[in-house]
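What follows is a single chain, given as structure tokens, in the form predicted on its own.
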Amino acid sequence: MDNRFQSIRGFNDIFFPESYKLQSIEDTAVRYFNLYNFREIRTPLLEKTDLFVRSIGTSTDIVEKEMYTFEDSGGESLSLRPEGTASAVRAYLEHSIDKQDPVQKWFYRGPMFRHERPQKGRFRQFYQAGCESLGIADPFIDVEIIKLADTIINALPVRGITIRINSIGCPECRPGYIKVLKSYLGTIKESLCDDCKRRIDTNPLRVLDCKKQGCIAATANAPKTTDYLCGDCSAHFNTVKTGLDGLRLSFLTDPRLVRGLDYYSRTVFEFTAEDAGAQNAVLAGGRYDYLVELFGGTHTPAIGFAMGIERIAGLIDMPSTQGPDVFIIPLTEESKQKALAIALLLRRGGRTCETGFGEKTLKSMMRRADKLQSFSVAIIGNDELKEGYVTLKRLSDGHQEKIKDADIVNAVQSIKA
């Protein structure tokens, strides 16, 4: 193959059965989003660059290093979306949904893009599913959102998960914490990486989010955000913890947890997997009570999370997928029309099936059915065509019987039971 037509590094082709695993994870998430009364929103892959710069923060790694940004033919700077929340808030305001009903519960799924070094659990095009709850300040919404995340993770199932939570305060109390943190970081500056040395002045919270072992060790005794919360933030966080305890949901209060995006406030949380290596956060989120206001709307409390589909896929072993319920074998040219009719009956009845039109002999069709891991075969020859039945054979033990055409769906269901 001509090397010019190979895929871009970090942008992957995904085939069955891996694609089936990703689809199953997304379907599970969507099932629970619907149970919690979230409704789907689909936003564009491409947005104006400033949308992400203003929401995520100019001194975050995403904006500084990772966005796919370019100018279009009109000279406007555009970027592929690196995350989903900013686009949802843009849509919330652009379509005046905040004026129709400020309380909205949305979910999304689809590809995101970040120019990072590809490694296990991290790709340049990656898939997320997430949700956003806008318009409710009550801390019990935080509890409900975290419980929703836990329900999805347990339904997949992913084992060895730790729920980490923290509060990073609000514009009233965070400046006091930032002042104390900057002073502390100044005393350990020489132990930090070059990026974190720069962050002391530009965005000191990001130092706590650094994943380099040297910085983690150097900031082990950093002041805790929870020691500097105002009364309202402290009460909010205590209610969240009490609510999680009331649901008997185990969690760890992690004073280092600040998340990597500037729009967060108050509650932040991560679900981390012990076997996931360096990229161990499989789901993360938090409150962003000031993002709508930043984009020109009225003050609107909000909270959400996103889950990494590929990261979760790497942690679960799904059972090998069974092939079609029935592989239909037409033995003659005349029986092919009936094969189509039988396939239609089966599919209308919710049974998966495949037809052997591409093969010429019974032997080759049986071999194909076996390769596809078909549960059974429905053989249609001249006798079957003439007398209005099919020969249904179960491949696991060779059991076979004659089934009237109209009874084929029930027969397949019964032999699979």
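Numbering starts at 1 and follows the sequence shown. This one's a predicted model, so the numbers in the text were calculated from it and none came from an experiment.
One more form of this protein exists, namely the form predicted together with ligand HAM; it is left out here, but the text below deals with it.
Colleague: Can you pick the one in K105, K224, R259, K338 that has a heavy atom within 4.5 Å of ligand HAM in the predicted bound form?
Modeller: Result of the distance check: R259.
Colleague: Counting any non-hydrogen atom inside 4.5 Å, which residue from H236, R114, R109, R199 sits next to ligand HAM in the predicted bound form?
Modeller: In short, R114.
Colleague: Taking the shortest heavy atom distance, is R164 within 4.5 Å of ligand HAM in the predicted bound form?
Modeller: Output for R164 is no: heavy atoms all beyond 4.5 Å of ligand HAM.
Colleague: V143: heavy atom within 4.5 Å of ligand HAM in the predicted bound form?
Modeller: Heavy-atom contact with ligand HAM at 4.5 Å: absent for V143.
Colleague: Should F305 be classed as touching ligand HAM in the predicted bound form when contacts are defined as heavy atoms within 4.5 Å?
Modeller: Contact with ligand HAM, yes.
Colleague: Using the partner position in the predicted bound form, report whether R266 sits within 4.5 Å of ligand HAM, counting heavy atoms only.
Modeller: Heavy-atom contact with ligand HAM at 4.5 Å: absent for R266.
Colleague: Verify the flagged residues F327, I329 and Y389 against ligand HAM in the predicted bound form: is each one within 4.5 Å by a non-hydrogen atom?
Modeller: Contact check failed for every one of F327, I329 and Y389.
Colleague: In the predicted bound form, which of the stretches 78-86, 245-253, 148-156, 188-196 has residues with heavy atoms within 4.5 Å of ligand HAM?
Modeller: The contacting stretch is 78-86.
Colleague: Using the arrangement in the predicted bound form, list in sequence order the residues of 183-217 with any heavy atom within 4.5 angstroms of ligand HAM.
Modeller: Residues within 4.5 Å: none.
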